[in-house]
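The form predicted alone is given below as one chain in structure tokens.
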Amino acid sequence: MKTETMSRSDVMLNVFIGMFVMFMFLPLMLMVMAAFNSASPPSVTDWQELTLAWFPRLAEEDRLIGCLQNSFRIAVFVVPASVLLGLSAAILLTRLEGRATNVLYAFLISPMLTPGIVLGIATIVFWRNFGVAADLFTTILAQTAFIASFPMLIIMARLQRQDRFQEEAALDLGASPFFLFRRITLPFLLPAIVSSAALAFLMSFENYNTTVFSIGGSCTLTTEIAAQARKAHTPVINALGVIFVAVTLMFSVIYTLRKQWEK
């Protein structure tokens, strides 16, 4: 009886996992298939001819390429700013003691819980008073305000596992606070910093809600794709998606092989 119950549970678990994987990857597979179909607008049901013509067409999409460059320009500033703010907040919260810590934590975590639309609109309304028009600058500020809380949580989780006796021993031996941070705290936090930087880059690159309300007349790749999705468009965007998927898989394979090689 137990064996039958366990087998049924295993079957249900496998069915659930299969449905979950299909839910996650089926749209991605359809996008990849549409990138190799000559039909325009993109389709997988109306299959006409296998083609690679949409990939060279990417070089002709000047606006799409410009929006993609804007996404990288924004991320170049958002990532270090978010990580530095998150690192500072994490160290402050883990070192402070008292009732004020809970209040400060709630204040610093609030941007994560605030809708991106609100942050985007609040940013352009605030900076408009100083004569700053909505552009990449306001987008960088809005995204940083939203994203910085995530590195803070990642780094805080790492800091809470740190052995404080090492810091106390270094201070007893005459180490300065800067030397202590550079030689003990920073190397210990490096994995969390790298992870938070990668997360901040992905969140900045794919951010839509905050960006669309703070970027004004400019664009990023995400906002441009959303704009083109509202009208008939060619499968060039699907071809770009295939390239992103291929690059992601390549980095995943390299990372996995590197970990296996280290072991």
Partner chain sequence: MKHLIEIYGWPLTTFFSACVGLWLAILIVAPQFFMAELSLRFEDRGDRLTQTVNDLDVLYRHKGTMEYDLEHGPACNTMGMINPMMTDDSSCAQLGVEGKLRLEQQILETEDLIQSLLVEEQNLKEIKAQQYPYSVKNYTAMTGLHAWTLTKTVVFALTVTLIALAACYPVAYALALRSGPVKTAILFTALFVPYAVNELMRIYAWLTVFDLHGLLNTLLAIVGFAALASDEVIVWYRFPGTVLVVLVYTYILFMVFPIYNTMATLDPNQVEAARDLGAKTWRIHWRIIIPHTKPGIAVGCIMTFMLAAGSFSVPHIITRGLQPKWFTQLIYDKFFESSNWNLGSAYSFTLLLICILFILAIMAIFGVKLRQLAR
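In this text, all values refer to a predicted model and were calculated from it rather than measured experimentally. Only the largest set of C-alpha atoms that superpose within 1.5 Å between the two forms is called the rigid core. Numbering follows the first chain given and starts at 1.
Form predicted together with the partner chain: not shown, discussed below.
- The partner chain is not shown here, but in the model of the complex it comes within 4.5 Å of a heavy atom of Leu85.
- For Ile237, a non-hydrogen atom is located within 4.5 Å of the partner chain in the model of the complex, even though that partner is not displayed.
- At least one heavy atom of Met112 is located within 4.5 Å of the partner chain in the model of the complex.
- Put simply, Leu136 is far from the partner chain in the model of the complex: not one heavy atom of it is within 4.5 Å.
- Scanning 191-220 for heavy atoms within 4.5 Å of the partner chain in the model of the complex gives Glu206, Tyr208, Asn209, Val212, Phe213, Gly217 in sequence order.
- After superposition on the rigid core, the Cα of Leu26 moves by 2 Å or more between this form and the one not shown.
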